[in-house]
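Next up is one chain by itself, shown in structure tokens, the form predicted alone.
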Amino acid sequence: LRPTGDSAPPWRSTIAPATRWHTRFKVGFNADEAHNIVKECIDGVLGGEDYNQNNINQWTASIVEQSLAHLVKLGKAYKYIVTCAVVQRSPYGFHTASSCFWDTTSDGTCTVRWENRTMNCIVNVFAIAIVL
């Protein structure tokens, strides 16, 4: 790395900040790792439960809060967005979609689908790399 000028501080370089970040730290969202974390959270909250509309708010809040806490504990340079939907199983199905405009080399998403005989659960994790 070369300084941008004679009086430039040693930490300043001609390489863009995003490139400096990518060369110092491994960047890339690990969707498999996130999937496993979220699946464990869903199993812990919904495992053995039957659909009950009165519990939906508590269940969804617990799933997103636990998932987010475990993702943050990984200590990776990401901002996370976690969404959760729980619906009663029906013959009509349940469909979701999302779209993102971001850096596909560092940011990522993971969707976890979980079901039992009475309900379906979909959790989305969006991970946006923090570039310093």
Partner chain sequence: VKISREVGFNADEAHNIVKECIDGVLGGEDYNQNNINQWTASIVEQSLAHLVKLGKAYKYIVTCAVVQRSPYGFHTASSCFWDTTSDGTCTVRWENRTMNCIVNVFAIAIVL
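Positions refer to the first chain, counted from 1. On a predicted model such as this, the values are computed, not experimentally measured, just so you know.
Here the subject shifts to the form predicted in complex with the partner chain, a form of this protein not shown in this document.
Participant: Counting only non-hydrogen atoms and a 4.5 angstroms cut-off, does residue 48 reach the partner chain in the model of the complex?
Facilitator: Judged by the heavy-atom cut-off of 4.5 Å, residue 48 is well away from the partner chain in the model of the complex.
Participant: Would you check, heavy atoms only and a 4.5 Å threshold, whether residue 31 touches the partner chain in the model of the complex?
Facilitator: Residue-level check for residue 31: no, no contact with the partner chain.
Participant: How about residue 40 - does it come within 4.5 Å of the partner chain in the model of the complex, if we only consider non-hydrogen atoms?
Facilitator: Output for residue 40 is no: heavy atoms all beyond 4.5 Å of the partner chain.
Participant: Is there a heavy atom of residue 83 no more than 4.5 Å from a heavy atom of the partner chain in the model of the complex?
Facilitator: Residue 83: yes, in contact with the partner chain in the model of the complex.
Participant: Where, within 66 to 95, is there a heavy atom within 4.5 Å of the partner chain in the model of the complex? Residue list please.
Facilitator: Stretch hits, in order: 68, 72, 78, 79, 80, 81, 82, 83, 84, 85, 86, 87, 88, 89, 90, 91, 92, 93, 94, 95.
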